[in-house]
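There is one chain below, alone, in structure tokens, taken in the form predicted alone.
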Amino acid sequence: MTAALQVRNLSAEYSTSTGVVRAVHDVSFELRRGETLGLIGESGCGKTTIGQALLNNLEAPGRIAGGQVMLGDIDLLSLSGKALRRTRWDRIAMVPQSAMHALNPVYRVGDQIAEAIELHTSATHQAALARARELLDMVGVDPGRARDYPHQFSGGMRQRVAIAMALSCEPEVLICDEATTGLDVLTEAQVIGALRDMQRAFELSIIMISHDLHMIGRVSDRIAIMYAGRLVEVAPAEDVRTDPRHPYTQGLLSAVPALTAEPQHLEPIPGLVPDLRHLPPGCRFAPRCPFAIDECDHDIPPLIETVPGAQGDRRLVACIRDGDLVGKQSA
């Protein structure tokens, strides 16, 4: 399967009065055409920074410190000005965090979608409005409500409007940053259903950014696990659910309750995420890892291929003890 997006050695940081925050360090992955890749981790691990960096949209005091983001044969990080604005929306778009609050409250939702179409195509205002109504219908919103204002919609409906706006120019890649956060489970299912419908209609490749492991496991083909600015595991979703290889992934699964009537014993991950201004010299998870050995305190483990995953797909794990921990869970 060919890649829609290739991320190579991406690093990003923030300059603060107390030091440089290394939010993303040497991250590499690919997004395949037509797939959904889940990107998951604790708050502050760098997920949203990656999303903004992929769009070359990281604002001061943040900056991209290195790497490439290849969309076909174009490095998005090398673009600026008109070339960058043409590529955004046209080829890659984003449903931002808290998207349901991102709509302009004084403009009708149809006009907001139409504006994006007019800015990036040669469509007339009337043609753009007609397309906006079509998009609303596709995400399950009555096209007649194009004349309504954002405050007249529920949170889930505003989320759908934001998805329609992001897809207004039919991009190849869609980044969804916490697209279902704050929604009840029924509305979340409806929004995810709308995304799947749009994925089929537009042959989209989607990156789903979230801290909700259960939701990501349901909607993703593959999952990438982040910890303290680095990827620690990338694998097919089924393998992450049934056979997690990195101790951090195991800890996440042990700490998340399942929807079952059976009593459950949950194990929180001890300790705290390291200060990204003062990172440990070795594995960033070592201070919290129940399987850490002396080498873990000194050597940064690379993200390398391990045993084949579901249907022979690649599994990548950043742990020097990967082969020793097969089948083990943290106690």
Partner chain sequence: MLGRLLGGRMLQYVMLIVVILVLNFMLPRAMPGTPLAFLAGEDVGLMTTEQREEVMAQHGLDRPLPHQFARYMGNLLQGDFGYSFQQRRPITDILMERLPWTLLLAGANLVLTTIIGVLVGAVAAWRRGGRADAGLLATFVFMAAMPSFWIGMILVAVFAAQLGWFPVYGAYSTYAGLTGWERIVDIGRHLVLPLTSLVFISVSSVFFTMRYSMLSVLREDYISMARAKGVPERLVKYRHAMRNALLPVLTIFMLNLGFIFSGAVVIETVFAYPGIGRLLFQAVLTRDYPVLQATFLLITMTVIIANIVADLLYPLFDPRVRVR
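Numbering follows the first chain given and starts at 1. Since the model is a prediction, treat every value here as computed from it, not as a measurement.
This next part talks about the form predicted together with the partner chain, which is not shown.
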property	result
Among 216-224, 101-109, 246-254, 198-206, the region lying within 4.5 Å of the partner chain in the predicted bound form by heavy atom distance	101-109
Joint contact, Q52, E115 and L119 to the partner chain in the predicted bound form, by non-hydrogen atom at 4.5 Å	yes
Residue among Q152, T124, T242, S80 with a heavy atom within 4.5 Å of the partner chain in the predicted bound form	Q152
Partner contact for S28 in the predicted bound form: the partner chain, 4.5 angstroms, heavy atom	no
R88, heavy atom within 4.5 angstroms of the partner chain in the predicted bound form	yes
M94 within 4.5 Å of the partner chain in the predicted bound form, heavy atoms	yes
Proximity of M165 to the partner chain in the predicted bound form, heavy atoms at 4.5 Å	yes
